[in-house]
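Only one chain is included here, represented as structure tokens and corresponding to the form predicted on its own.
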């Protein structure tokens, strides 16, 4: 964990406290144990978890700088990434985790309870469903997703959830720039505008990574998001 703390500080300016390190160790231990039974993530080794889950989650701070969101929704969170590591470093964050897979939602409930995290809501649902509910539509400062869908599809998942003046954030690999180019029309239709792409470097990871930062500049038309499955079948 010393290397993780050092990289968090050097790469992202994050100073992990002792209690935060303990929370991350507990998270890591529980993830390894659950992975043996439930196959939650493809990453099963300690170094992989610390770099490709924890540090990758922390990289989101490069998008918002010194002003973290007050209310964040993590769409397609899987085993809680990036939402739960961000909650650990920002205890006041009001966090909503969304996934459609029961075993992953069950693990998120477990780890939230295990770590005694407050103001965290875990929802089993499709993004298309909650994006059409009054409780969640255009209610969040930031919406984030990692490894969920192509940008043309992901824009329809995220932007309906973000208030005007808020931000959608997509964590992408080396295909990020090409995906953004292909998604420009979809982003515009949904009320977004690409602010910039932030390159991310992780220790020992060769693949280029990017944060796609999209400002919400206009309300999303009521027709979006479309019914579950339609955005993936017929991207904008």
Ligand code: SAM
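As the structure is a computational prediction, the values presented were derived from the model and not from experiment. Numbering follows the first chain given and starts at 1.
Note that the form predicted in complex with S-adenosylmethionine isn't included here; everything after this is about it.
Student: Choose one stretch from 110-118, 144-152, 160-168, 86-94: the one whose residues place a heavy atom within 4.5 angstroms of S-adenosylmethionine in the predicted bound form.
Tutor: This holds for exactly one stretch, 144-152.
Student: Suppose contact means a heavy atom within 4.5 Å; in the predicted bound form, does that hold for all of 69, 136 and 140 with S-adenosylmethionine?
Tutor: Not one of the three qualifies.
Student: With the cut-off set at 4.5 Å between non-hydrogen atoms, does residue 127 touch S-adenosylmethionine in the predicted bound form?
Tutor: Answer yes; at least one heavy atom of residue 127 falls within 4.5 Å of S-adenosylmethionine in the predicted bound form.
Student: If you check in the predicted bound form, is residue 100 within 4.5 Å of S-adenosylmethionine, heavy atoms only?
Tutor: Result yes; residue 100 sits at the interface with S-adenosylmethionine in the predicted bound form.
Student: At 4.5 Å between heavy atoms, is residue 53 in contact with S-adenosylmethionine in the predicted bound form?
Tutor: Residue 53: yes, in contact with S-adenosylmethionine in the predicted bound form.
Student: Can you tell me which bits of 49-82 touch S-adenosylmethionine in the predicted bound form, meaning any heavy atom within 4.5 Å?
Tutor: Heavy-atom contacts to S-adenosylmethionine in the predicted bound form: 53, 76, 77, 78, 81.
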